[in-house]
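The data below hold one chain only, encoded as structure tokens and taken in the form predicted on its own.
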């Protein structure tokens, strides 16, 4: 397969953001405003916080402040896997908070159901498909790990289906598949950008004021509240603030050691013909992820395209975030080659889009939380790629920490969790930060080439609670 030919016409833009349903840009904030709650960030984290705040207390005056366009960053660029997991998978959660895992799993289930209910209640067409997720083994060393994952999931109340080679290939036909683990209830597929746009519309329907192209550059405490200054001079004074800026440089210096922006990349194919769909099966339309350390994730869209992403996770020195980093031809070539290895029967399929975006990554690979300014500001960050679903839970945590709809000092089941009360280990400063991350990436790749065996460096990270995959 000529990979370069297959990529020749791929537009360097996120497929989701080219949807005709994308609304026009909203107006920026002008002048001076006051409000009860200011939400900084118009992605999932901020939009869920605004919506849930109004549902808790309809009298609140809520403002959302987005530096660019609603859903224009990670919320409009991801694969659209809306997972129930709040801990980036069972093993990560069990390794960190074993005593809380039954509670965390129950809250994750409740959170996923609540997302689906919200879409129905507000009439949000986010192409919601509760298909579940299929994890596949493509190397012999990955098969026992799937079997162990199935046992763990069953202990925690899930009902996954363990598939042998023939059974998994009956679901989705790839010559690379050796086994599979299908959890039909753990994940739903969504159109990620439509989810963000729909949440924004729902917020507006409740009276939330949403301002786009309003980057906040200043934050200070005042007598009447927290003063937020926009880059073009507008000012908001808010009694309470939610900070949900993800991977972008945080307004709080204390967060800068905890979050690094990592670039993830994806391809989108042209729509498959009926014959091409028949050649691979995939009648149950599950989201799929393979079991390597450097893993791929892929799924079908509503019009039977295949989104194919993952594998490379690239950190740039100094926490760099720039638009030119959204394109990485070497990674696109690797992804395309792996696509055709997985589905050789689709050798005639070409790619229409190739793009990248930043993920907010922390050392424990799932969200952390906290407050600042004497409890008047709450934040959540570090979702590490599983934020499509978990951001709704994170928004509830932030509102709990701000006591929105609660009595002063009141705790909730969420705020009592160790996950909420603790922080991840911070990343070291540069240049050590870049060196550590690059060394880890190389060792992860070597483990995949070495039947999954982790070397001394990865074992050291594991013992420190910092072991991770891509």
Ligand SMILES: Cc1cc2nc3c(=O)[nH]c(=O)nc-3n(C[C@H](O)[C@H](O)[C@H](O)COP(=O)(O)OP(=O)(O)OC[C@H]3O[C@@H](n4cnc5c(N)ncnc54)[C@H](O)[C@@H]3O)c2cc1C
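Please read all numbers here as calculations on a predicted model, not as lab measurements. Positions refer to the first chain, counted from 1.
Although not depicted, the form predicted together with this ligand is the subject of the following passage.
Only one listed stretch (411 to 419, 439 to 447, 50 to 58, 64 to 72) carries heavy atoms within 4.5 Å of this ligand in the model of the complex, and that stretch is 64 to 72.
Residue 81 is the only one of 311, 368, 197, 81 with a heavy atom lying within 4.5 Å of this ligand in the model of the complex. The single contact residue among 385, 160, 93, 132, judged by any heavy atom lying within 4.5 Å of this ligand in the model of the complex, is 385. Taking the partner from the other structure, this ligand in the model of the complex has no heavy atom within 4.5 Å of any heavy atom of residue 143. Put simply, residue 282 is far from this ligand in the model of the complex: not one heavy atom of it is within 4.5 Å. Residue contact check for residue 261: none of its heavy atoms lie within 4.5 Å of this ligand in the model of the complex. Taking the partner from the other structure, this ligand in the model of the complex has a heavy atom within 4.5 Å of a heavy atom of residue 41.
Against this ligand in the model of the complex, the set 184, 289 and 306 makes no contact: no member has a heavy atom within 4.5 Å. The partner is not shown here, but in the model of the complex the stretch 357 to 386 reaches within 4.5 angstroms of this ligand through a heavy atom at 357, 358, 359, 360, 383, 385, 386.
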